[in-house]
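Given next, in structure tokens, is a single chain: the form predicted on its own.
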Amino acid sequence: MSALLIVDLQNDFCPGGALPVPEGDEIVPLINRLADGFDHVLQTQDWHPANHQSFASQHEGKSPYDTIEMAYGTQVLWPDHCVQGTEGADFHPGLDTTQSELIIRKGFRPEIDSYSAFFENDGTTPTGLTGYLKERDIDELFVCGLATDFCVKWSALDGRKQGFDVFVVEDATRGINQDGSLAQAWDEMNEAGVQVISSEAALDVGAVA
């Protein structure tokens, strides 16, 4: 059985937001089409407290995109974004969420960031998504959304580690491409066995799943 996972399609990650992904809003109509084609649709939502430790504003003398060492490893520092209860944390207004049966909020613990839909950035604190999928006999996951080289990538890699067949819908994602991160992300996903698929091919799968 298949499910569509829509990653972080929120205002702050779209043009005009606090941490915009170039052309991030352009995939909204396509993702709505994808959602209509799947019986199971899931979403993630970045949901940070205002004092989140991944924000550069919380570290004196640091600027966005600097890095620091946290207990779980190297952490990129970001502009304040997707703060709980703000418009920036809301889903893009053009996104039709009526098909979504589960919304996973991530990054709500102040001391740890969370890119993946499956685990916090320590790689061990689970979101519960694995259990949700397995209890419903979902073994194929089609991933789309923002950003290809961060939350989409980590969700896809962790999905493979958890034993799922993972497909990234290439034309329904957009990346930040920070210092070559986009090309590296595609390489990492290919090496992990993540399959790259077009939206048309994904819709064909959704129709028969």
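The first residue of the shown sequence is 1; numbering continues from there. Since the structure is predicted, the reported quantities are computational estimates derived from the model, not experimental observations.
Note that the form predicted in complex with pyrazine-2-carboxylic acid (VGL) isn't included here; everything after this is about it.
K.L.:
Is there a non-hydrogen atom of L146 within 4.5 angstroms of a non-hydrogen atom of pyrazine-2-carboxylic acid (VGL) in the predicted complex?
P.N.:
Yes, L146 is a contact residue.
K.L.:
Using heavy atoms and a 4.5 Å limit, would one call C14 a contact residue for pyrazine-2-carboxylic acid (VGL) in the predicted complex?
P.N.:
Judged by the heavy-atom cut-off of 4.5 Å, C14 is well away from pyrazine-2-carboxylic acid (VGL) in the predicted complex.
K.L.:
Answer with yes or no whether Y115 is in contact with pyrazine-2-carboxylic acid (VGL) in the predicted complex, where contact means some heavy atom within 4.5 Å.
P.N.:
Contact with pyrazine-2-carboxylic acid (VGL), yes.
K.L.:
W78: heavy atom within 4.5 Å of pyrazine-2-carboxylic acid (VGL) in the predicted complex?
P.N.:
W78: contacts pyrazine-2-carboxylic acid (VGL) in the predicted complex.
K.L.:
Please identify, from 180-188, 44-52, 164-172, 23-31, the stretch that has a heavy atom within 4.5 Å of pyrazine-2-carboxylic acid (VGL) in the predicted complex.
P.N.:
Selected stretch: 44-52.
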